[in-house]
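Quick heads-up: it's one chain on its own, the form predicted alone, in structure tokens.
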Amino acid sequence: MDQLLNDFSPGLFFMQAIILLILIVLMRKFAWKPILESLQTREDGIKNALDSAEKARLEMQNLQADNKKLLNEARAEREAMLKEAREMKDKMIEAAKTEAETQANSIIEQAHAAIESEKKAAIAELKSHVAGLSIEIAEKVLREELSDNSKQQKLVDSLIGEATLN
């Protein structure tokens, strides 16, 4: 260390100090600014990337919320459509039952009417047949009764007697 102090030269020291200052000025002018600018650019790029990532995260959250909302709306719409379809099915079944009952009642009424008309027709035919049989029997009885002249005279006299009494 003593040797360093003995070898110290103030001219050399000032020269080296001036060279160092010139070197610092040149470094600052030509190297320091570009280095600082590239560091600032990199810092800005990183900051922009972080901001973009945050925006993307927020946008993703918004999209997820929108998706959940749309999914819930779709579920609600599906439930409403299913409920409407069930109600429509029930209405159609009820309408079909009502129509079937109406048709069944109509068919039953028509059957009753047909049975009644056929019954009346059968009774009328039976009466007609009975009347025809009665006339035939009466005719046969009268022929038997009126085959003799004396019987005919007696019948005429009794009919005349009844006619005057009435």
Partner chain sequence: MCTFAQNFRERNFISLENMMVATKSIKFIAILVLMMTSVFAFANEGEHDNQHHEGGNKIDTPEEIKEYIAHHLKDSHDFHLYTNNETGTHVSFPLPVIVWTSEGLRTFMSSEFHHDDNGHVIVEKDGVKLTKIHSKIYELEAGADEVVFDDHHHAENAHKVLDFSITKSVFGMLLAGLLMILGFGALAKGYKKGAIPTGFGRALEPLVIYVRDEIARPNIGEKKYRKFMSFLLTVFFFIWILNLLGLTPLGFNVTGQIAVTVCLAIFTVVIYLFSGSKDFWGHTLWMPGVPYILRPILAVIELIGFVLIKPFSLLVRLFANMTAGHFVVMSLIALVITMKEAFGPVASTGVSLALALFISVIEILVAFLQAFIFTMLSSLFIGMAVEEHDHH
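Residue numbers count along the first chain shown, from 1. Keep in mind the model is a prediction, meaning the values are calculated, not measured.
The discussion below concerns the form predicted together with the partner chain, not included here.
J.: Using a 4.5 Å heavy atom cut-off, state whether residue 52 contacts the partner chain in the model of the complex.
T.: No - in the model of the complex, heavy atoms of residue 52 and the partner chain never come within 4.5 Å of each other.
J.: I'd like to check something about residue 128: if you look in the model of the complex, is any of its heavy atoms closer than or equal to 4.5 Å to a heavy atom of the partner chain?
T.: Contact check for residue 128: no, nothing within 4.5 Å of the partner chain in the model of the complex.
J.: Would residue 132 count as a contact of the partner chain in the model of the complex, using a 4.5 angstroms cut-off between non-hydrogen atoms?
T.: Residue 132: no contact with the partner chain in the model of the complex.
J.: Hey, in the model of the complex, does residue 101 get a heavy atom within 4.5 angstroms of the partner chain?
T.: The answer is no: residue 101 has no heavy atom within 4.5 Å of the partner chain.
J.: In the model of the complex, which of the stretches 59 to 67, 118 to 126, 137 to 145, 23 to 31 has residues with heavy atoms within 4.5 Å of the partner chain?
T.: Looking at the partner contacts, the answer comes out as 23 to 31.
J.: Who in 119 to 135 is close to the partner chain in the model of the complex, meaning a heavy atom within 4.5 Å?
T.: Nothing in this stretch is in contact.
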